[in-house]
Ligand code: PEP
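This document opens with one chain alone, in structure tokens, the form predicted on its own.
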Amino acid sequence: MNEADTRTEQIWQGTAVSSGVAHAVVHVMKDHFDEPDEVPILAEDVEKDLARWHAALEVTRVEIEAVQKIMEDEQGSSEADIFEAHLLILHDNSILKQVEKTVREKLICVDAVYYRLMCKHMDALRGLADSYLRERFLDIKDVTHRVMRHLRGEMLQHPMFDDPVIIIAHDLTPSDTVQLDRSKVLGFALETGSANSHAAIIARSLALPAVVRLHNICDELHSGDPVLLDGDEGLLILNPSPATLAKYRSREEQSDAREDALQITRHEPAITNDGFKVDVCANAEFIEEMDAIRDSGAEQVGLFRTEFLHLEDPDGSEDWLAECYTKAVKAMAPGEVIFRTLDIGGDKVDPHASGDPEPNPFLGWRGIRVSLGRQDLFRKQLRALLRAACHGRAGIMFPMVCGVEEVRAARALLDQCASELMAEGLSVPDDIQIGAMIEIPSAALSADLIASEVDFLSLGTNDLIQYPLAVDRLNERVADLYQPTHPAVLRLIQMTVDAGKRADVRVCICGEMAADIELTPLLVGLGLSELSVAASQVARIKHAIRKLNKAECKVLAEEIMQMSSAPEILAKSRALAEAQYPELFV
């Protein structure tokens, strides 16, 4: 019996960021290692300690070879070569001899000896200008972490699980998430984060419960502990009692009944009771989401975040990308898929990016800046998107533009790629919709100028909130200052909507703000006729819109635009929402 099974029920309170309940064992992912103490050992225990280390090395070898085989089968031998380097590091004879010699002579536990020796090798390579040597630093770090996890008796970070698990981590980066076997993940419980962190966004996209701000939870739990994760109340319960499980089963049955009622009308259009139609679309990150999106009732995919495919395979070929994009387009036919070109940078770190870490990556090289700066990468993506557009309706939009010049430069490169493909004998549709993301204040302030260059605008409110307010949406210290209803944010949204109307181009909102049923009356009142949300939220948003009256919402928006307090604005919009669809607030 697992030691955790004998303990009593324990409860931690965090912040709920994605609804739902999951009951499973945990997998603890630690992104750092405390330096092992130099614990003295007796001479008679040396061989036992070294045997424990050799066992950890052997398990690590088996693990690396298994990953190498998978990569070879899926991607080819060249992509699997990196693991050959890992095996060489693991079996480096000089390291093996030095560790054994130090343990025998100094009578110090092998954990500390091995870790310190590997850190010396890493320190010698860290920060070198030569890209090859920098890669060797990462190889040594990866191997060291794998061995140390086995020495400490933990499950490895590698994302393959025999059974479904709840992920426990300090935080999850986008690159962490794409490496997970998402078919085996039932939920996320994180020490840090906010409702607008990428882990929370992905959890909502995959309809998984998620709770953040569970401080020190990585130290409190061990892989294999049984827990219940409550993404509605923000609770993590270790060793849930039979009574607790029974209570949650009853609550889940009631929730399922309410959700089933919403799903009945999910494919019907979202039209207010006075005839204003709102297109409700879905956001996507992964190809495997497309069936669920199609079934959700979404009109189309309003935002396909292509950077997650890039993080899955940064060296993916044009053919592979075209195949992936084509699968998405065909899955949504006859609906449209709006592909956002790579938005890497910020917290979505490209593993192949060179150079020193940026002091402020959210104000640095990200989005369209990276694409225009790495035109080989951008051209590969644009060509793949154009090829996919031959198989269905595809739109292309550029992220993080700050003005007209970037839009023109991106469109010029797109035109070049189209000409190349036609010269190669491939047909390119001439009706591809081109759009720009409005997520930087300068873009909102010049939305009228940008609108003249594109077919549509898309409000990325996650960033359009953090930049004007100077609030890092991933920093929990200032999370309370991240206010979607701040008057400055609403004015930028209104400015963009008005610019779109004058230029006769459609305006969509695809940030997390679009899925907030408290704000649906306000967004409708501001004149937004296209919302893109997580697939799991489509039915709820459609239901809310059908209960609203556009004329009443417009009056609400006019009143709100004269208000100065973000909390009061939120309360006013929520009041109308609760009055019109109270069943969604149960």
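Everything numeric in this text was worked out from a predicted model, so none of it was measured. Note that residue numbering begins at 1 and tracks the sequence as displayed.
Absent from the display: the form predicted together with the ligand. The rest refers to it.
The putative spot formed by R366, E439 and N462 is fully lined by the ligand in the predicted complex; each residue has a non-hydrogen atom within 4.5 angstroms of it. With the partner omitted from this view, the residue of G500, G435, G231, G511 that lies near the ligand in the predicted complex is G511 [heavy atom within 4.5 Å].
R305 is the sole member of H86, R305, H486, R146 with a non-hydrogen atom lying within 4.5 angstroms of the ligand in the predicted complex. In the predicted complex, the ligand sits within 4.5 Å of a heavy atom belonging to I201. Contact check for R387: every heavy atom lies farther than 4.5 Å from the ligand in the predicted complex. Heavy atoms of H170 never reach within 4.5 Å of the ligand in the predicted complex, leaving it off the interface. When contacts are judged by a 4.5 Å heavy atom cut-off, R340 counts as touching the ligand in the predicted complex.
Heavy atoms within 4.5 Å of the ligand in the predicted complex are found in exactly one of 318 to 326, 193 to 201, 257 to 265, 368 to 376, that being 193 to 201. In the predicted complex, no residue of 488 to 507 lies within 4.5 Å of the ligand by any heavy atom.
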